[in-house]
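One chain comes next, on its own, written as structure tokens: the form predicted alone.
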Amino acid sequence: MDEKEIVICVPSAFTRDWLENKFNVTILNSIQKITGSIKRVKYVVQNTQKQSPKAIQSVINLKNKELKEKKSKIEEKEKTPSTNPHYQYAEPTIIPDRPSGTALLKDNYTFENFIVGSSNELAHAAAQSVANEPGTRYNPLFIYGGVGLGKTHLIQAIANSLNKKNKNILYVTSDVFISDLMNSLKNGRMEDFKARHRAVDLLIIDDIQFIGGKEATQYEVFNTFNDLYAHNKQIVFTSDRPPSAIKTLNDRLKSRFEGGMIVDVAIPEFETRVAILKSKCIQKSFHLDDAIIYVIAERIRSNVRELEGALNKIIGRVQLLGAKVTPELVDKLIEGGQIHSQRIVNSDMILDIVADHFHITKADILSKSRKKDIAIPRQIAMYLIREELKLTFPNIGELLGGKDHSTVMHAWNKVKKDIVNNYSLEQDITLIKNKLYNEENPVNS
């Protein structure tokens, strides 16, 4: 102890974390009542030769009590981890030296057949770097983006690459992680759970956003993360949003996620959509004229999954009915609802999604308030309406409560300029666009 700080030696990282998170304020207040001068308490993990049996038993009792509380919470709140119909996973699979018939990996998800464009080039480069140097440069790697934009392709490409190097890989969804944790607690097999998730070279947890609000699960993710990170093992997460936007994610996990490399995959631009369609045609040994490919790429903009779905239905039409593929046929299929076309976006949708993203109301955006937490979303809404709908500045002003066209022009110019160097702003706009053009939010493929 010195004049401002008291250092407490503890026997384990668990004890340190437990005291810091549960009792630090109480301990500090108690010490201050005695000394009056201590400003902070620091806990240091240090093995000691002599430890009080009573103190050790006390920690064990507290740990057992917390495990019972976690078990109760999981049984109550996490009985059904997700009702998302897109989950197809049954059990977590540790992939051995080479993929088995039951492995979750798909052989065709490789870096070689991943189409790179401006919408995903940073994520692709980061994923390749992780595959080449796991556990070193970008750890953890956190990839986020909307539905069907290629997140799963990238993480499986990492896994396939490391699998060829005889690395032990665990690939699970957050649902499987939660379910496995619940069963392990219920059956008293937590040591097996820990060993299964920590004795690997690469841990991938898909759709990590679903652990938000689940404290017991977050606790285990945190401890698993720390163990793997301390041993230079690679950790990869995917999500439909960045860590900062995951509601009810505790600060220490958010800090761990943000301490690595965060990259996004956005909606592919026209040139990338064309390249994807051409690549898929080669894989399927099916020829389409460029004119047809351009029509599909122009009409299907939301994600890669819908692009491939459109292509599959056109191929099926040709093979089953012998139809000739023409731009008119593609238009007919799209208009007839046989192929999901791009979601039709209007100004009300933009205002609603921007308001929801920033946790304000549509009325706030339309108001005259100059508060920063309202003014910035309003400027983003103006920018998006201009960019996505191509409305005039006066029209946008009318839509937003009678704002002057010069105000709208200023907002558009400001956001357009700031987005180049403001990564947080770029993330916000990417997320909003993903929500605009995707009608649902299932697991990405």
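Since this is a predicted model, take the numbers as computed values, not measurements. Residue numbers run from 1 along the displayed sequence.
Although it is not shown, the form predicted in complex with a small molecule is what the next lines describe.
With the partner omitted from this view, the residue of Q218, T152, T224, Q209 that lies near the small molecule in the predicted bound form is T152 [heavy atom within 4.5 Å]. The partner is absent here, but in the predicted bound form a heavy atom of F114, alone among F142, F114, F193, Y138, sits within 4.5 Å of the small molecule. Stretch 152-160 is the contacting one of 130-138, 357-365, 152-160, 241-249, since its residues have non-hydrogen atoms within 4.5 Å of the small molecule in the predicted bound form.
Taking the partner from elsewhere, G260 is found to have every heavy atom lying beyond 4.5 Å of the small molecule in the predicted bound form. With a 4.5 Å cutoff on heavy atoms, I205 does not count as touching the small molecule in the predicted bound form; it lies far away. At the 4.5 Å threshold, heavy atoms of S174 stay clear of the small molecule in the predicted bound form, well away from it. Of the heavy atoms in D180, none are within 4.5 Å of the small molecule in the predicted bound form.
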